[in-house]
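Just one chain is shown here, as C-alpha cells, and it is the form predicted on its own.
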C-alpha cells in the first residue's frame, strides 16, 4: 500500500510539473535578457523588468485591463441575474412549452459559436453598437450553461420552502432573490467564476466588433500587439504581455479556489 501511494504521489508531482512548467518558464523568460530566452534557460543570469516597461510604453495596457474588468464583471452579473431568472422559470413555473424551451436551450450548447458569429455581428451593426461596450456585453449576458446550472440547482430545493414564501406574500422575483439566491451560493459561485474566466479570455469576438484601441480588452490588445509588429520581434516583450494577461485570472483563481472546488463538488459539475 505504501509503494502504491508513492506511485500516486510521483504521478501527481509529474503532472504538476508538466502543467506548471510552461507558465513558470514564461514568467522567468519575461524577466530574462533577450539573448537568453531562446536557450530556454529556466533561471536567467539576471532579472529585469525592462520587457514589462516596454509593454507599458508601447500599448495602453492598463486601460485594456480596466476594459476587461468592466466587460467581464458586467457579463458575469448579467448571466447571474438573467440566467437565474430563466432557470427559476423553467424549474418552478408551470406553463405550456416549458420542457420544449429547455431542450432548445440544451440544443444550443451543441452548436459551434461560429454558426451565430455572422448573424450576431450583423445585429451589432444594425443596432449601431460596433465600437461600443454594448457589443461586448449584451450578446453574452445570458448563456445556456448558466440557465441549465440554475435550473438543475433550483429543482433540488424543496417546494415547501417556495410555498411558504408564497403564503407570506412573496412574488416570484422576491422568491428568487430573497429565498433561492441565499440557498444557491454553490451554483452562483460556479456560474460566476466560469463566466468571468470565459469572458476574460475571449479574443475573437472583440477583434470583430472593436476597432478603437481605447475600448479594446486586454486579450484583444495583447493579441494585436504580439502579431501586429508593435512588439518588434522581441520575444521577451511578448512574453511579458502574455504574463500580464494571465496574472489577474491566476490570482483570482488562487483567491477563489476553495469556493470554486466546494461549489463544483456541491453541484456535481466535473472539470
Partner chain sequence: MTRRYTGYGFVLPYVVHFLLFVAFPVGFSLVLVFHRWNIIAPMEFVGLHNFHRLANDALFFRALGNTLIFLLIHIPLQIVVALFFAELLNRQLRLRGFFRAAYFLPVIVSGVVVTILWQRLFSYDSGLLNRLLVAIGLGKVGWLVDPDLAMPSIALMATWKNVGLYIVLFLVGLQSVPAQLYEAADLEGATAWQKFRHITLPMINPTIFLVVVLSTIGGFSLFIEPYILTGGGPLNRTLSAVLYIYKEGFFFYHMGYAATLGFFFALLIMLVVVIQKKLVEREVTI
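Rigid core: the largest C-alpha set superposing within 1.5 Å between the two forms. Residue numbers count along the first chain shown, from 1. Given the structure is predicted, the values throughout are model-derived calculations rather than measurements.
Heads up, the form predicted in complex with the partner chain isn't pictured, but that's what we're talking about next.
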As a check of understanding, the residue in 85, 188, 179, 157 with any heavy atom within 4.5 Å of the partner chain in the model of the complex should be identified as 85
From 204, 47, 70, 56: within 4.5 Å of the partner chain in the model of the complex by heavy atoms is 204
Margin query: If we define contact as a non-hydrogen atom of the residue within 4.5 angstroms of the partner, is residue 66 a contact of the partner chain in the model of the complex?
Written below: no
Taking heavy atoms only, is residue 123 within 4.5 angstroms of the partner chain in the model of the complex? yes
Item to check | Heavy atom of residue 23 within 4.5 Å of the partner chain in the model of the complex | outcome: yes
- Message: in the model of the complex, is there a heavy atom of the partner chain that lies within 4.5 Å of any heavy atom of residue 108, even though the partner is absent here?
- Response: yes
Contact check, 100 to 122 vs the partner chain in the model of the complex, heavy atom within 4.5 Å, ordered by sequence, gives 101, 104, 105, 108, 110, 111, 112, 113, 114, 115, 116, 117, 118, 119, 120, 121, 122
Please say whether, between the shown form and the other one, the C-alpha of residue 99 moves by 2 Å or more once the core is aligned.
yes
Tell me, please, whether between the shown form and the other one the C-alpha of residue 15 is shifted by 2 Å or more, with the rigid core used for superposition. yes
